[in-house]
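Here are two versions of the same chain, shown separately as structure tokens and labelled structure 1 and structure 2.
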Structure 1
């Protein structure tokens, strides 16, 4: 795999989550892993709760009481097992960023992790989520904790009550980070205030910047390819052609399709600089922004050719693209990896925004979809994304829900299977 510019220094980072239960630590941890993986930085989350459940699957609140010495022992054991696996992963799999997902709420526990990291030359980056918004915490408990494996088969009200008692037990010993010698970021009330201390490497600063842009307000993202274009009908790649008559019909139907999904909520539409996305969005009654970064993957010297013509004129290139479609760069053009790199500011801005609709192109849409849905690089360039279909993405606590809304307008397929040059019928 090609080195990625985000990992310029030779550092290994352990992101140590800190915070009381139900403060969004696991959600933040999973998002960091998804973001870094999308950028080809090897990242993995180690959740201490999963290790604790091996011995203690359904603990009640008193298990987490500091005066419960057996509980303390089992919790320490779980932390040791998780960190042992984590260091093994750093060593044997050359991992770059590990997330230690646990409460780590006492200074003593943080010192312990700090020393383990220092012995192995691993940079610890502490990420604390601090939140005193009681309504939000209660909502978090109802949303995710009552369905946690800890409470499987139990009455949700009982589960919520027990979980609140669990939090009380943690509160008795909680020490917010104040160690000035540590590298840390403290997110206060979901980023309404952010405190940053001693951030050193480039990768750390990227992680911190990403965290600063996150919010948890409910919102959706709609993705659509442009309507069928003249080049699509001719089977040609790239170019800057107009919409076909059926593509224009999709543009006319798009406002109705959008309204049925968006309702009366505010929305901003993003298009590329190419005519076919702007013609597709032109009847949408929302604010529109044009991004060069949303332009289609550049086919370089193959731009304007059909796949058959590419196979005939550049057989070696054609085969090389099939062998590794993510890495293959068209001569004078781009690879999927290049597209991901130029989409990074788009992803950052998407995290900051609320309802957004993106009207873009096949390859770009695949890359954006891969970020939200965690699609691996060997699969993302091969995903089928049909024309005349609106995709709704709804971020939820631990994943993204997808809905596809098809317009009833036929279109050619632009999907080429591996090893074929003809398009799928």
Structure 2
């Protein structure tokens, strides 16, 4: 199914997160938004904690005690502000999927959200992250105390202690979802068991399918373009050329570059079916898999031409591609949107895996990078992804950390700015 098929139902969905703190709810919420946005579905996250921080920036655990009536009042106010903004977004911006990111640990709070949605004909889909795996909880506590805005500038050990007390306060009132009439997904220990109840629509089923592939264990993804190719040196697009001498040197240095970043962790390497990626990965001492879906964007009848030749022979196409590079499809070839659709199984498999390194092509890497970094579609085809550079992505609860490791090997630049003519003046 392509990205276009989501809009036929004309549904609006509110994904209501449920669960104790340190259960990966914010990470899951951010991932749903990223995934849907990447597939051209209008999605946005409304984090109740952000609204609460306007009044109470650094609360202690006592603020979340059920007996603290002032804390309860301020938390309810934050939830009301978040839902009001969410409904405004649905109405004014024609949003399709909103994620209400909060604990929503009591039946009463969930009923309140349910009734607000029902009044507006918005489908509520409850997503509960239920976890008793101490290692996972501990890892999330470590992650939260170092990245949560609640604990900025605080001693990490004090933050961890306070956060544990906050969790205990929530545990006193926590009611797991059991209402049979609700549409819900319950992720137990982050996907080791998944309970699904009353899924109503195609779009909900897609969200559920995505959630079933998620895990929130710490891991990294390494991305690299193939080494400089003969076609890169000649300025040609596409093709299946060999590496240039400098590209071969990058392939020889890549194991050392990778080892310095990966250490002794296990790693699997994915390449495309084209020679230049397999030649680049040749010396990597890890298990390797080849994916047809990772092949470069198909240039159609422009394959093997230089940008100068394309501009000379097909000036209208050259201009059309500049005007909307994401949607533009080469005659007999592909657009960036086409690449995103064929990459969806790759993204699903990436979410299931732990440490993966992908050696592939410029357009494909732009699409994968855009998914992890939430880059808008119209910008993603214009991102610079230089040759002979290893990019490390580390997904965290509040975003993805990026590290770029450059090999000291010169390479041509294959980057062309928007509006830049390829013809020599």
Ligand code: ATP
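As the structure is a computational prediction, the values presented were derived from the model and not from experiment. Heads up, when I say rigid core I mean the largest set of C-alphas that superpose within 1.5 Å between the two forms. Positions refer to the first chain, counted from 1.
Structure 1, rather than structure 2, originates from the form predicted in complex with this ligand. Relative to the superposed core, residue 63 undergoes a Cα shift of 2 Å or more between the two structures. Residue displacement note: residue 50 has its CA displaced by at least 2 Å between the two structures (rigid core superposed). With the core held fixed between the two structures, residue 23 has its Cα displaced by at least 2 Å. On core superposition, residue 113 has its C-alpha offset by 2.6 angstrom between the two structures. Once the core is aligned between the two structures, the alpha carbon position of residue 152 differs by 5.9 Å; this is the C-alpha shift at that site.
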